[in-house]
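Form predicted alone, single chain, as structure tokens, below.
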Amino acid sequence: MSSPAPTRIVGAAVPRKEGVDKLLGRACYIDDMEREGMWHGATVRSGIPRGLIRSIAFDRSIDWSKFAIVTAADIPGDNCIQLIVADQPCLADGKVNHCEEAILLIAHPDKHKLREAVASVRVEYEPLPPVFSIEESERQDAIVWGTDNLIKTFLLEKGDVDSAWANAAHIVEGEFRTGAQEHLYIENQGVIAEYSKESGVTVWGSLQCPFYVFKALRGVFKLPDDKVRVIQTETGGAFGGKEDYPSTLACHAGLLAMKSGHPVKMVYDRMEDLAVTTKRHPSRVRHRTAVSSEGKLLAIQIDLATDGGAYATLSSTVLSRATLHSTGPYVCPNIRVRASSWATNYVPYGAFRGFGAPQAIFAMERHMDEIAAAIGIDPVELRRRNFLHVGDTNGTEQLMRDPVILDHLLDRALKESDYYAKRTKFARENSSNPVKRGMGLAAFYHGSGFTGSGELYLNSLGGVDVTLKGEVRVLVSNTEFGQGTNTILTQIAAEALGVEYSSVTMAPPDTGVVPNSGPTVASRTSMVVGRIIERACLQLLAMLREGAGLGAKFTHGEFIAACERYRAAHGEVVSLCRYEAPPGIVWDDQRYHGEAYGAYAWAVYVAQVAVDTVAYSTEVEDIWAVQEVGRVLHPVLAAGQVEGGIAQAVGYALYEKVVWENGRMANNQMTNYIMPTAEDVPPIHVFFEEIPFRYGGFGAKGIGELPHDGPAPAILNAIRDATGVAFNAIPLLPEDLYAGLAAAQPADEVAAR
């Protein structure tokens, strides 16, 4: 074959690398694994949302000598989990800040005895006043974090907002709220840990980011790098929920392994997993917008607040992305966004697909429909008049250099959905029908990769090597948890090297084997890491041509022979590259100004809904998703990402409500935390437009988070179209629908009902 391969690998629906093992049941998940002499671990948690620990007592009816018990006093290093801010204790030491805070750990060889043991520990507290809302935290009557409850703030400014109001033909205001959301990955959180003085701590786990866990273990155990090892096992879903939390669980299991002298497995059951792990940040977003008589945006002022929970975790970066996406894909000369994340006494909130953008985009896209209604303009036309185009600048004054085809995406979404014909038809039918139908849309973008200087800070390293068996291995710490990392990165390597796809594999996601190529988050894997792998492969070909006589064209056998010659002359056959920023990326962290992202993915989604005004239920009947995500590397996986994200977002909009009672999740079971089933997910029509990004892996941009951003506002805009009533908070449950429709009716009609 020639180089590159004549049969397209990138862009083809090649078999998934891990697909056969999963299909045949050979995939080994953490709860399938055993270690010789393994014990099981469990956690004693706080029973109150905030207070001081006065005493801990152990029921004398239990022989505690048969158990290993770990408290904060047993931690050899720092009693904190190393994330962005080191504020979260590994184990509570004298005080608790939320109902599920870990106080002590227990291990025993028989996991069935742990439940009784946990229930037999008595903790006495001195309760302190808790904080349970953004508004309570803002009032600062009780300080539950730092000196003012304020985890993080951002200020984004462009132009002169204050002078714009006087020239406005219309000023439209609105407040929008989103709730918490549980990840609901199929496989619960779980790890196995081993410890010895000689080799240090080793953890196997269901996780996204091995080097995040590595960093946390290193701090808690106060060990050098060569005494810490993290290995990702097969992982059954994550959605961001296994970005930050596994660092805590790994430290807990490691401490029990150290204390007991045995390997320790800790796998949460579903109830514990739902109750104690991080969730999507709730938000409150207030908009004030100045609009000209022609429907042009003159000024946007946004007050964006999120509930961060008891500790900082990833709240600052979630807030950052929310801030940067809060003004949508629109041109506006004057912008001010004040963003803040407030501490409360709930479990800490953390990473979740979309990472702050769904909250901000929900508010902006709902507000655009309310602006259209207030000034008497078609919501489609309002968006079209304000879309970003090449040469425009967004809220951070980033110049749009690469193609922006929002008008085309909008036209295609309208055509594919038959938007106007259906709106006309539904309007005619709704007056006499208790089931009212409507059409709604959302236009949005999502930045690919880490924000601003984040990728430069990460300084990611990745590459490829060739084994003695002639296998090409991709060397990265980016992980597979259902989204297709193993397949996409091996496609890129095979295409770039000109070798068979079947001959390329992934090195194990083991911090003792692979370099730190950064976390598997932020829609960065295909674009950022894929580009690193592409460059490393081209560098390897150059090495083989110069050092082993590889020709410009070669067969697979000739490639392997060149690798053998290179190994004999120079040693191992390996090529590593570091991240290189696209040219022109300049970001000012202090002013929050400049090129926030190397590339954006763009989309327009349309939703069709049916609202039953007798049963007060909403059914999403159809969704059309049109997006430009650079080059589509694997059409089946790409469509699957869109379909999965939309299904999850339907739950965010209409079903999934976390019910809190005195700081504890009250509906932490699959029977009462309601998520959409297959019957509730509508037909999803997925369409791609491809404009390859020059600095992404074979032209790719990010795709995984984008499809969670747009469905919720499109659905609620469709509900407004169907009923004429604006709903500005999600999840929109039947009781909320009833209350809103009842409030909008004349009093005599409500009484008649």
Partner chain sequence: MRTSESAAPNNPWPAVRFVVNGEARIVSIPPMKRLLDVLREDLQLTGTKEGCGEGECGSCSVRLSGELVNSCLVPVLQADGAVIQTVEGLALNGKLHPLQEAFLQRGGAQCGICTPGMLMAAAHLLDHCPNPDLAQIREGIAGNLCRCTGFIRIFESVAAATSAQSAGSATTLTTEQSHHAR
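Being a predicted model, the structure only gives us computed values, none of them experimental. Numbering follows the first chain given and starts at 1.
The protein also exists as the form predicted together with its partner chain; that form is not presented, and the subsequent description refers to it.
Residue 675 is the only one of 675, 513, 427, 143 with a heavy atom lying within 4.5 Å of its partner chain in the predicted bound form. Comment: its partner chain is not present in this chain, but in the predicted bound form one of 636, 542, 399, 86 has a heavy atom within 4.5 Å of it, namely 636. Within 4.5 Å of any heavy atom of its partner chain in the predicted bound form lies no heavy atom of residue 171. Although the partner is absent here, residue 591 is not a contact residue: none of its heavy atoms lies within 4.5 angstroms of its partner chain in the predicted bound form. Though the partner is left out of this view, residue 183 does reach within 4.5 Å of its partner chain in the predicted bound form, counting heavy atoms only.
Not displayed here, its partner chain is approached by residue 405 to within 4.5 Å at the level of heavy atoms in the predicted bound form. Partner proximity in the predicted bound form, defined as non-hydrogen atoms within 4.5 angstroms of its partner chain, places exactly one of 75-83, 559-567, 171-179, 628-636 at the interface: 628-636. In the predicted bound form, the residues of 222-238 lying within 4.5 Å of its partner chain by at least one heavy atom are, in order, 235, 236, 237.
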